[in-house]
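One chain is shown next in structure tokens, namely the form predicted alone.
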């Protein structure tokens, strides 16, 4: 049975304004935005009495039964969502960083207060990947989830490989179009993809992983040499997040640039689009594709969650509650391409084996197998070195 939703909205940027407009015209369910909390006063398209500047005015309002949180600051989002859940209010959030860093607590708060926290908009924009993992892939057949999870970095790489732009020019264009921030590190260093991957892992395998314990490496150090190497081999480079099931109820996950061939679904995922490949024992591979960023794609996911709340929907965290526990395993080996100039760099890397290597006048590279645990130990150092790392994409597990 549907219930009327009286909404307290936090944030009134592009997504928040779009959500307000859509709710006014949507006949599907009974919902209205009662108050909007923003940081500061300025002239807006709605009457001044709609706005407040103290979060507690909304959280403590007994008439408001639903909170929609659409702000950038993860710390502020955490306090808003936590208070709202403790007050017995259902919540919709799009804050991937806050969710990934506090997933266990958020799940416990829902249980303790018999409320629902939905966050489809936190991962892959308009693609309903969380709901699909929760409802459709809720059995024990899932093997891996692999995808392009960040539209900004994918736009940059698309311009590099499809239009021969330099990394610097492609980044500048992405910033001009609003796909990348003035400080693009959250996207291009892989952190946005990491937080999304943590959330997808929770719904794929029922395992909550600390983001600090996951190998994350981005595309900011890519060079013309790396691009030319990929082209000569018939590859594109994509920034990819992956969680994969191993033997004995173990999983491994990482975010890395990857060499992607034409035979892979994500090869043709371009510009600001996201693409997610779900692999299983019985159904092989299934592919989901859509815009992963922007006001309208994100707004559509927020609206979907609000509609679900109107029908009393909750995540059941089925893999966590009804299946054997999967353990995060960091000692799995992965095959990587390492480009470097200074031979001293190799002192940081402990390759198990090397299958290919090249030494040139300016750049050198090695391709070989190395333990994830070793790369995780030095992951902060990796960003400081004059190197580029990419996964070859060759699986060592199947």
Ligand SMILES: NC(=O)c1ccc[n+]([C@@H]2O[C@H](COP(=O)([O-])OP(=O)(O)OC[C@H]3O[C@@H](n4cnc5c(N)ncnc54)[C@H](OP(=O)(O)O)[C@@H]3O)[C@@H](O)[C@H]2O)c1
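Positions refer to the first chain, counted from 1. Everything numeric in this text was worked out from a predicted model, so none of it was measured.
The protein also exists as the form predicted together with the named molecule; that form is not presented, and the subsequent description refers to it.
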property	result
Contacting member of 37, 31, 334, 64, with respect to the named molecule in the model of the complex [4.5 Å, heavy atom]	37
Option touching the named molecule, based on a heavy atom within 4.5 Å in the model of the complex, out of 89, 96, 319, 258	96
Among 344-352, 358-366, 325-333, 42-50, the region lying within 4.5 Å of the named molecule in the model of the complex by heavy atom distance	42-50
Touches the named molecule in the model of the complex: residue 14 (any heavy atom, 4.5 Å)	yes
Distance check, residue 193 to the named molecule in the model of the complex, heavy atom within 4.5 Å	no
Close approach of residue 105 to the named molecule in the model of the complex, 4.5 Å, heavy atom	no
4.5 Å heavy atom contact, residue 121 to the named molecule in the model of the complex	yes
Residues of stretch 57-74 in contact with the named molecule in the model of the complex (4.5 Å, non-hydrogen atom)	70, 71, 72, 73
